[in-house]
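First, one chain by itself: the form predicted alone, in structure tokens.
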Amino acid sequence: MTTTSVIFPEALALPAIGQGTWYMGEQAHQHRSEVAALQAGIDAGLTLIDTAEMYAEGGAERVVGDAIRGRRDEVFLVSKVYPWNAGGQKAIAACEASLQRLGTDVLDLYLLHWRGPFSLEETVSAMQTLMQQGKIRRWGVSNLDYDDMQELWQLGAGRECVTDQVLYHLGSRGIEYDLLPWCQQHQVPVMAYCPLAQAGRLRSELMSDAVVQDVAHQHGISVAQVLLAWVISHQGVMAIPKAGSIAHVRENAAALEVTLSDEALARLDNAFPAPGYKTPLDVV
């Protein structure tokens, strides 16, 4: 059954659909409409906003900063650090730069964007320091696979990690083999990026598939809402589609109220089956 919230540590319940900001901040003429879309999302209950220093080299964070000005307390704010900044003083400086662009003094969640030159131990140490300094409230990871999570869990403070953000959609179900069950078992929420397969670009047949379209028709909803409802029907999984426009954001928010029938879930599973073997983690 679809749930409308995902439980993070400390019994923190967050909406199962948030707002992504990849590709925001790249075009100055779109700044105002991007801010408006994010604000409409907050109004619609999509209070988690996910960004990164990588997105438009800080441009997306500036868009988010404008969107949340005067509304910081309404929002659960997530950003990510480049791998080459994810240790020592570089991590402190990167976080401080993100905070400045976002116009806030604390992040609710700070993620390692993907693995790079710093060891996991160095990154964990930097994250713990940032928490002690009051610059971040929690930390997590992104694009880490099952083996990476095992390595992380061997570190003393590695188990402080509160989430793994990975690519996940109906057409890319590799995490269901080992990573997702492990995260569910250890109560580590999964944040699914590209839950709409970037409007089908990552798997072109997804949006036009006859089964997906028929399920949408039977439920009286859009194809995008089917794909979002499918993602969040999995225990402990949150979807973070890009907040493209006010209309898209409202459509995304309405998917929180959708419960796909057992028959629909079975049909979708049959049309896009999960692999029965280990596959490399999908990353974009």
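Only a predicted model underlies this, so the values are computations on that prediction, with no experimental measurement involved. In this text, residue numbers run from 1 along the sequence as written.
FYI, the form predicted in complex with a small molecule isn't displayed, but the following is about it.
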Worksheet item: Taking Q27, R71 and L99 together, does each of them reach the small molecule in the predicted bound form with some heavy atom inside 4.5 Å?
Response: no
Worksheet entry | Which of 138-146, 99-107, 85-93, 210-218 sits within 4.5 Å of the small molecule in the predicted bound form, heavy atom basis | 138-146
Discussion item. Within 4.5 Å, heavy atoms only: does V284 come near the small molecule in the predicted bound form?
Written reply: yes
Discussion item. Please determine whether F118 contacts the small molecule in the predicted bound form, using a 4.5 Å cut-off between heavy atoms.
Written reply: no
Worksheet entry | Partner contact for G244 in the predicted bound form: the small molecule, 4.5 angstroms, heavy atom | yes
Worksheet item: Given that the partner is absent here, does R173 sit within 4.5 Å of the small molecule in the predicted bound form, heavy atoms only?
Response: no
Worksheet entry | Among the candidates A224, V258, A56, A40, the residue which, in the predicted bound form, approaches the small molecule to within 4.5 Å (heavy atoms) | A224
Worksheet item: From the list C161, L77, M127, C194, which entry has a heavy atom within 4.5 Å of the small molecule in the predicted bound form?
Response: C194
